[in-house]
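Okay, so here's just one chain, in structure tokens, the form predicted on its own.
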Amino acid sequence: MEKTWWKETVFYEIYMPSYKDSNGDGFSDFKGLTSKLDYIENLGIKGVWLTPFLKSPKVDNGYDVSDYYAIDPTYGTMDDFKTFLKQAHKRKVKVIMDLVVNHTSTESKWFQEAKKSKDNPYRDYYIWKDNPNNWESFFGGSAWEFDSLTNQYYYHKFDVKMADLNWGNPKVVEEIQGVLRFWLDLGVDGFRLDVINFLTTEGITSDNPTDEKGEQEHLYDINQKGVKEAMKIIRETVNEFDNRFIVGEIGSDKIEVLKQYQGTELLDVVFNFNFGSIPEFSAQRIFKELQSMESNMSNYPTLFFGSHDMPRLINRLAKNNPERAESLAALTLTAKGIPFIYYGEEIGMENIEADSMEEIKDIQGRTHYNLAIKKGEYIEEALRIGNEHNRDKSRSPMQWDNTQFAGFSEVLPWIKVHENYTHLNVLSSEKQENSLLNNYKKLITLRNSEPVFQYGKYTELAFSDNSISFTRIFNGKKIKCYFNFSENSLEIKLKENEKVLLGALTIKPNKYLMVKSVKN
């Protein structure tokens, strides 16, 4: 089996505005991130995924890029970024950056030029029509916006201020290749490509059909025929640089769609939200997804239970049970795949709830709040609906200590801090021997030290009485893992050639055990 650094890496997602503020403006920044690299290194993390930090008006939290070659001033300067990158690499921590190539902000130079006239050199960087079709925006309503200056509509799969790029235009492809090379040349170790299967490569085709419920089926505006070719070009460009990594966000819940975008000529791995975004805890559902990934994904799957787009793991799947949260973390760190940890998971950070419309800054949450108001809902109900769809609930500031604003900043942060920071924080967790944080460190250390967890195949993957178990083997070495999600304790008897790595032979509910086979 080919060894690559990313198969040996536990990744840690940092939501850029919310990790550590160094200059007292209420937002995280690169100097703040650099000051916390020792913490990241001590946690055992070998790879960091940074959400968007390029210049942006932040209509959608930085996923609306206005300049692909500039650091957003909120996060510091290019020199601050270079220092962070250098210091991360000094600690043998790789850095991948979130990159959005499906669309740009309407404030970008490209779009500002494109809208000036129909014969502007940048006009075909985007998609314009006299008569739009029925395609819908991801955030609701039409995906077309009328521009009165040229009397045409432009296409936006997402917000009206985020115009889709025309990947059928070779100049756009060349521009994006230039962007990739710029950041790779600076030393980034790879990319997380946002909504990468949404690329408009074949232009605007037929109207999408609607189902029996009147909801649109996205047959023609997603997964167009040219998307794979575009990915191959991205892959070839990235391969001009050694040892780089690409993970893609694929907008689909169908495993047959996900798997077709993985491969040596395409993406290294893709996020599988069938596993990662399970809405409520079910040991059987988790097992079935592990089975599905093993059966259908020839390349490595991804393993995660949290991200910036979903409610936090401990609220969604553990119901505030730290032991179950820890066991789920243990599963992602020992099952076959590439594990991703969302910042704050390691201490058990919880969702926040907005107390007013003003506190809902996320475009998705605001959209649903406003729709509820239009339908005549009372403010209280509209706020509940807004909170339900508010992705910012999982994006609150990192809780470093019990000082004001959780040690994240010296001023009021851009978004509220969870009120439990006074007792739930890194500083207090580090002092507790069996805290969630210290157990995360043990688990990550175990994965980093055991090639079986990085490269091992399954020889067994089983489910019984709400318990999951699997055995992985590599180069003759074997480790068996048990995860007890039942209501009763499990008693495990060791064989003569086995020893306990982590856990106890009496596996209590929501606990786990790792057993290694050793030579007699």
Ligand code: GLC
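From 1 onward, residues are counted along the sequence shown. All values derive from a computational prediction rather than experimental measurement.
What follows is about the form predicted together with the named molecule, which we do not show.
- In the model of the complex, at least one heavy atom of Val195 sits within 4.5 Å of a heavy atom of the named molecule.
- Heavy atoms of Tyr63 reach within 4.5 Å of the named molecule in the model of the complex, making it an interface residue.
- For the chain shown alone, Arg312 is not a contact residue for the named molecule in the model of the complex, no non-hydrogen atom being within 4.5 angstroms.
- The closest heavy atom approach of Glu249 to the named molecule in the model of the complex falls within 4.5 Å.
- Just one of Phe241, Tyr220, Phe139, Phe281 comes within 4.5 Å of the named molecule in the model of the complex, counting any heavy atom, and that one is Phe139.
- In summary, among the residues Met162, Ala329, Ile360, Ala406, the only one with a non-hydrogen atom within 4.5 Å of the named molecule in the model of the complex is Met162.
- In short, of 424 to 432, 390 to 398, 146 to 154, 78 to 86 it is 390 to 398 that has heavy atoms within 4.5 Å of the named molecule in the model of the complex.
- Each of Val100, Phe158 and His308 is positioned with at least one heavy atom within 4.5 Å of the named molecule in the model of the complex.
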